[in-house]
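Form predicted alone, single chain, as structure tokens, below.
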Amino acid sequence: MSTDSFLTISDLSAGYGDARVLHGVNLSVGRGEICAILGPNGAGKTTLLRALSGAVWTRGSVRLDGAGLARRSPDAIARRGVAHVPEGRGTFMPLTVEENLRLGAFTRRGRGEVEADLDRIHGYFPVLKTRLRQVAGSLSGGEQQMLAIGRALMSRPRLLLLDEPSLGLAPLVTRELFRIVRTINEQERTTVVVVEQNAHLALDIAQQAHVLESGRIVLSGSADEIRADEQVAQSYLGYRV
């Protein structure tokens, strides 16, 4: 994987109203890398992704491929190539699978390209092709997560943000989903930042990882280095180094 800095976060603070959740976060992600964000509940992991996608107030600097994103609107950030799959998936339940996927291409122009991308998404998630006319709310949890990721991919993002993709899914479905995320990363060179409670799976597909606690980065390194850290092993991986 290329190690040139693609996403650079400097002294980032973020929060809701008067409440500050992130405190001076600094990290960078190389072009085409998968970066895992680990940490306990309430550490600020979801807020970090929301800050990157423009959904909360921020102070500090966020740069994507050299262009500043901080304090831009979510729509402007999406048009710069950032796609956010939120915790809980954010699927439009009353709409069909096909309608959800086409909504993901709202930043795109050219009908031919959109049709080609529908075929591309079906290649990653064949089950969605068999459910095109089905309303999203009737899908299983795993299928809804596949749809949410597929919708995000319809925008051809350069940076994909995934918030707890395994939430509520069976282990077998989760493993398959992470396999597909790694395939997308390898085939499309999409940079991925994933927040995930299942640290084992996240570290298996990531090149680097950061541990967030109380809104601050307390540990950073390669996935192997984080996996070998005694604190991480005991707190998130269930064994002693």
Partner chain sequence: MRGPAEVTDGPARTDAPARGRALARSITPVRRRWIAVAVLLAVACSLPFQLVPFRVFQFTMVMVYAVALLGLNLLVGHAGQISLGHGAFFAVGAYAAAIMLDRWDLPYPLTLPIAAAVAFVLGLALGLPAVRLRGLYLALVTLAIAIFLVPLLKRFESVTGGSMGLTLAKPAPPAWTGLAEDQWLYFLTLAVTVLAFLLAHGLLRSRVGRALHAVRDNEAAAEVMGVRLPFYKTLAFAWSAMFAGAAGCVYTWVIGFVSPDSFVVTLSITLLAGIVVGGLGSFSGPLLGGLFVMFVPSISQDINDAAPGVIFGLLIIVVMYVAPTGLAGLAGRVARSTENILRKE
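What you see is a predicted model, and the numbers here were worked out from it, not measured in a lab. Residue numbers count along the first chain shown, from 1.
The form predicted together with the partner chain exists for this protein as well; it is not shown, and the discussion that follows is about that form.
- Remark: Y124 does not count among the residues lining the partner chain in the predicted bound form, judged by a heavy atom distance of 4.5 Å or less.
- For the chain shown alone, P94 is a contact residue for the partner chain in the predicted bound form, at least one non-hydrogen atom being within 4.5 angstroms.
- Contact check for E113: every heavy atom lies farther than 4.5 Å from the partner chain in the predicted bound form.
- The shortest heavy atom separation between S53 and the partner chain in the predicted bound form is within 4.5 Å.
- Taking L139, L118, L169, A78 one by one, only a single residue has any non-hydrogen atom within 4.5 Å of the partner chain in the predicted bound form, and it is A78.
- Taking the partner chain as positioned in the predicted bound form, the residues of 92 to 106 that bring a heavy atom within 4.5 Å of it are, in sequence order, F92, P94, L95, E99, R102, L103, G104, F106.
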